[in-house]
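Below you'll find only one chain, the form predicted alone, shown as structure tokens.
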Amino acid sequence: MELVRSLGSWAMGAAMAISATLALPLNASGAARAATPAADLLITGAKPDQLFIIDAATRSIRTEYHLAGANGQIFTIVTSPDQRIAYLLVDKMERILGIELATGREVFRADLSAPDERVKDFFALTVTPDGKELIAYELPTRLKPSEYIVEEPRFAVFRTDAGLAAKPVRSYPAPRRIHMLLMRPNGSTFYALGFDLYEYDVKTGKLLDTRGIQKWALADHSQPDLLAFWPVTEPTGVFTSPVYSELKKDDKGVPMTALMSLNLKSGELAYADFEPLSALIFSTVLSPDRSHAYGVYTTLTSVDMAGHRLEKRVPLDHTFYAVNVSTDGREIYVGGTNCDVGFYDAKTLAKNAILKLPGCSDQTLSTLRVIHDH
């Protein structure tokens, strides 16, 4: 189905420029690679069907696409390894679109549901490092004339070159309550994040390892909880999330916030308390030098990773769900709610700028991703 472009003449030229730059391989060298560091582009989605590419340096909309088939909202966004294609969970979590970022052309579509089966993907999808396969977490319900039958969850694997009528090439059983998939850089396994952390073989679907999240072994702490829907691991390859529990102290329970970190390459999983509060509820991101973590909710928070302590906190204009960080570590990007994307100084947490999306489109739970403009 053809996409409707919401571009004026200036944006058409910008789209052609993106096409030229994104067509270069990411590991290009010599004349093909710019002498200056690659600039950051932000990707976010908004209701009912808008995909925005934002120039972080100029705080301006580079390109806006209207996506046929989004049907109300864009949820999770993951990008191909070469950053040319964004895969989007849309249509009440029942469809995955692959959009060529240079042109807005739809190159992939997987309709998860069928007339006799309703299938939801609860936020969780990922792409293999070679860009050839996409893995989705499916929650199927069989639709009978007089009853609904809840079926077992599964992982479904699609070929990314399957076009606009993609069907799974294989599937295998999955646990319940999964809300994020994270691919390991070696391409052979992936993590499924839920009440616990599971690792699966990509080809066979064999469960290789289970480690504790709700079953963590942190002494004198109650069972923890977390809310992690934003699969941001750029620029470090480390996923982080706040985790909440009660520290048992002097026969009392003290609410504590810890930071969980998962190194996708090494597999190291760690937890560290950093404050006895719950002001930080949603997403976090690690700075490029891994010395700080930044998190959002009604405030913007900086955490000292070495000292496991709250470093600084400033109020935000409103609640933000999604956070990311510039490739050079100098600026923090916040979004994921309402119609604004914020730019904050990473050192001082001072507000540098706010960009309002055209039409004040609501981002709701959309992932805020960073790619590079070479």
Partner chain sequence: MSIGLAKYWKLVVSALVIGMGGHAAAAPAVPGQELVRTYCSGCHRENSGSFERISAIRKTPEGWVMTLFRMRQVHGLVLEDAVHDSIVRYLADTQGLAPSESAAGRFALERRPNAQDMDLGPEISVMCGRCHSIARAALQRRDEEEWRKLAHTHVGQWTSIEYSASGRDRPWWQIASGPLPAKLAALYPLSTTAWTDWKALPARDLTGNWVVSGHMPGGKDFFGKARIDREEGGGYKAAYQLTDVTDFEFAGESKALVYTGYEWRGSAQVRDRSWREVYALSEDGNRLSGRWFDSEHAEEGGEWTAIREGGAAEVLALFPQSLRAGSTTLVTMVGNGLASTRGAPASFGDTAKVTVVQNEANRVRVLVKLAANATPGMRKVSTGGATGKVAVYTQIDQIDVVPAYAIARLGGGKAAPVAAQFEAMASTRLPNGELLPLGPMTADWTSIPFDAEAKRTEDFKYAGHFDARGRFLPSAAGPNPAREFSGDNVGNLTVVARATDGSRSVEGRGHLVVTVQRWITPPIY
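Numbering follows the first chain given and starts at 1. Owing to the predicted nature of the structure, the values given are computational and were not obtained by experimental measurement.
Keep in mind the form predicted in complex with the partner chain is missing from the figure; the text below concerns it.
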Report yes if all three of Pro173, Ser266 and Glu311 come within 4.5 Å of the partner chain in the predicted complex by some heavy atom, otherwise no. no
4.5 Å heavy atom contact, His179 to the partner chain in the predicted complex: yes
Taking the partner chain as it sits in the predicted complex, is Asp317 near enough to touch it, meaning that at least one heavy atom pair lies within 4.5 angstroms? yes
Does Asp289 make contact with the partner chain in the predicted complex, using a 4.5 Å heavy atom cut-off? no
In the predicted complex, does Val150 come within 4.5 Å of the partner chain, counting heavy atoms only? yes
Can you work out which of Asp273, Asp304, Glu117, Asp225 has a heavy atom no more than 4.5 Å from the partner chain in the predicted complex? Asp225
I need to confirm a contact call. Of Phe108, Phe122, Phe239, Phe75, which residue comes within 4.5 Å of the partner chain in the predicted complex, counting heavy atoms only? Phe122
Among 142-150, 231-239, 78-86, 251-259, the region lying within 4.5 Å of the partner chain in the predicted complex by heavy atom distance: 142-150
Mind listing which residues of 284-303 have a heavy atom within 4.5 Å of the partner chain in the predicted complex? Thr298, Thr299
